[in-house]
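Single chain ahead, by itself, as structure tokens, in the form predicted alone.
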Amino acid sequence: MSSHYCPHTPEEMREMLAVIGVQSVEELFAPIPAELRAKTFNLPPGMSEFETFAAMQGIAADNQRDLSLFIGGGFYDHLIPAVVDHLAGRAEFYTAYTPYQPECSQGTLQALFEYQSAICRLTGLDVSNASLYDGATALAEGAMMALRVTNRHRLLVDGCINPFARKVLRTYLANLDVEIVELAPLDGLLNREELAAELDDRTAAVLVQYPNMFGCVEDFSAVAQEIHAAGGLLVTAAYPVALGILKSPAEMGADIAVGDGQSLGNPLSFGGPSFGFIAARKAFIRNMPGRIVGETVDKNGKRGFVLTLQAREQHIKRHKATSNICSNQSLCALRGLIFLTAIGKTGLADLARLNRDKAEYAKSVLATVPGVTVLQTAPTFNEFTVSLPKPAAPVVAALLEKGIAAGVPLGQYYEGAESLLVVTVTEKRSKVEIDLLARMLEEALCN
């Protein structure tokens, strides 16, 4: 029977149902609750490949909208150089699987080795693994590293960390003997008095975000000194593009740096996929999750690459593994490497400055809108928080109908923050778009 065959008669349908041991279509779908079942599929007659493709294009066209994106909160609308798609689309990379056999995987292994080197340069730390799933799970893996290194069971988590990442952290650690203490934000910043009160010799790590969910940029050098004095570690979740101009996690005394690599050459794609990165001090390398690619020489003395310190449950560590992460996001990580290589060190700095400068212009324009206040508690990068004279969520909904995704309302994540809106401005946003945002916002507030 052809894979494209579709039964058309009741007799044929009954024959197929009999083969799988049910009497009717209703019996076939009985395990699915009635309220979740489709009333009818309304499937059209069979079509050729060309006809199907044309129909799908028509459906896709109905879903397309040209939006001016001022939304961030973890995923960012950055330019992607054409070379990223070109090189990452080569069959040698996009068809490659886990490089278990180094003798036939040198290209993949070298790419991952260079990726690790780039992450180390970006964060200022000594070692990196071959990537993780995303930024949220990378934060959880960084926390688990700290628990293993210190042999402690208490984490202090800044409430200014992305709320989705905090949820993933709690899910990761739900069945472990770990106490998670969340520190409520203070004016969009880490509450340092509460931190001092909670920090003790049971604390494995303090977890912070840089810049944070409110867009604020804090120097955590003093926090690093405090946690180190108490015998714990500092885990910093960083926005990689911002590191083009900001002090690196290592310069602030961070022991472990994590983050999401989506902004490095990966498209938004409705939320994924991207990749997570993690870097740490060399002393902690044996507590790193996943895989690490190392440089070596072959029997002829030629440079080569191998998987090393594979602390995975599938490998020799087995029940002693530091993580159960298996297939990682190597292709997405490769895109990150190509992106960083293409723009270079000065290019990354230029990109970061462009993000900051456009965000500063947006701040100045939005501050002129009646009733809008720009929070000024700390420096910002390309995200900042504004206070509106009415709840932010319906204002955002109104602007979305006009083709402007104005930002992330904070009311659903923080108590008492219903009027707060986080606005993101990347290098892709033009002066025209920023000025239009301000005009449309003023109109929405007047209605």
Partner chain sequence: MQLIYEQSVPGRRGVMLPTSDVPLAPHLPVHLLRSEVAALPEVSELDMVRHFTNLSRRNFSVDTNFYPLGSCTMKYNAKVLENAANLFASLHPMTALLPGGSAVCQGALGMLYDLGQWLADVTGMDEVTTQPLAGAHGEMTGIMLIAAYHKAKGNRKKYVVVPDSSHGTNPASAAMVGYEIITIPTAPYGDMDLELYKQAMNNEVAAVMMTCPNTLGLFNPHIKEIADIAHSFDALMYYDGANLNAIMGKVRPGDVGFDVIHLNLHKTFGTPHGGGGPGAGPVGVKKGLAPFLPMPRIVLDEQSGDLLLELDNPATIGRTASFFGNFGVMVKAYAYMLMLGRAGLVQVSEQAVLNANYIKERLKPWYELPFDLTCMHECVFSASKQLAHGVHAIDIAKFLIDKGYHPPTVYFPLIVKEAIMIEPTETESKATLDAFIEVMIEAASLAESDPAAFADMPRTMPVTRLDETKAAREQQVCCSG
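Numbering follows the first chain given and starts at 1. Think of the rigid core as the biggest set of C-alphas that the two forms share within 1.5 Å after superposition. In this text the structure is predicted, and so the values were computed from the model without any measurement.
What follows is about the form predicted in complex with its partner chain, which we do not show.
The stretch from 348-356, 227-235, 183-191, 150-158 that comes within 4.5 Å of its partner chain in the predicted complex, counting heavy atoms only, is 348-356.
Within 4.5 Å of any heavy atom of its partner chain in the predicted complex lies no heavy atom of G253.
Interface residue remark: V293 is counted as part of the site for its partner chain in the predicted complex, having a heavy atom within 4.5 Å. Among heavy atoms of P211, none comes within 4.5 Å of its partner chain in the predicted complex. Although the partner is absent here, E49 lies within 4.5 Å of its partner chain in the predicted complex, judged by heavy atoms. Taking a 4.5 Å heavy atom cutoff to its partner chain in the predicted complex, the contacting residues in 12-34 are E12, M13, E15, M16, L17, V19, I20, V25, E26, L28, F29, P31, I32, P33. Once both forms are fitted on their core, the CA shift for Q412 between the shown form and the other one remains under 2 Å. If you fit the rigid core between the shown form and the other one, you'll see the Cα of A393 move by less than 2 angstroms.
With the core held fixed, the Cα of D435 is displaced between the shown form and the other one by less than 2 Å.
Distance between the C-alpha atoms of L36 and K167: longer by at least 3 Å in the predicted complex than in the displayed form.
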